[in-house]
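Here you get one chain, nothing else, as structure tokens; it is the form predicted on its own.
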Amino acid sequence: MAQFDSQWMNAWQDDVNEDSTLPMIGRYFTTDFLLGFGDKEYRVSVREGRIERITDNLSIETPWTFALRAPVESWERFTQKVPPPMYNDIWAMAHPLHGRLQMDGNVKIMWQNIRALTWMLARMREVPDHAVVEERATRV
């Protein structure tokens, strides 16, 4: 199970930045957005479809454009290789009948870059087991 700690986030960043599709579909995707896993939040800085930086040193003065927040249990289901129904994408998680994902902020930027964002989030399913992730250096 993903633990969504800084090592896991670094592994996700590496996976996103190694993807050959994102530079093409995300070339106009430049923003800072917030990802919330329960009480733990990270600011993800994206430049031209690549994750430039992830930080967990947040304050009320930390700027971000939009936020995606969900309970850890929901992200764990979302990141499964084959997620269960209602956890297969962020729209299912945010559906009013389900309501497990909250979207805040300037969602126009999110909509303008939805293809790159959903592709990027789907890469979370490729992050290796925690034992492998622990071997990587911590950057967050």
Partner chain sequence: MSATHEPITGRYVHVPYGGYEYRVFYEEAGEGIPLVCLHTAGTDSREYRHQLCDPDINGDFRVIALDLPRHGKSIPPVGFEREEYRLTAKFYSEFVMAFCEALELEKPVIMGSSMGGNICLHLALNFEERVRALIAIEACDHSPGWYISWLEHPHVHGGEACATSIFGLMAPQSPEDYRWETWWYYSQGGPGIFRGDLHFYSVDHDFRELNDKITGNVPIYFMTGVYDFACTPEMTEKTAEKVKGSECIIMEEIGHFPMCENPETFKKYLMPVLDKVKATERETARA
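All values derive from a computational prediction rather than experimental measurement. Numbering follows the first chain given and starts at 1.
Unshown form predicted together with its partner chain; subsequent notes refer to it.
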Is its partner chain close enough to A92, V107 and T118 in the model of the complex that each of the three has a heavy atom within 4.5 Å of it?
-> yes
Any non-hydrogen atom of I114 within 4.5 angstroms of its partner chain in the model of the complex | yes
Closest heavy atom of L58 to its partner chain in the model of the complex, within 4.5 Å or not?
-> no
P85 near its partner chain in the model of the complex, any heavy atom under 4.5 Å?
-> yes
Evaluate R53 for contact with its partner chain in the model of the complex, applying a 4.5 angstroms cut-off between non-hydrogen atoms, and reply yes or no.
-> no
Which single stretch, out of 30-38, 59-67, 44-52, 96-104, brings residue heavy atoms within 4.5 Å of its partner chain in the model of the complex?
-> 96-104
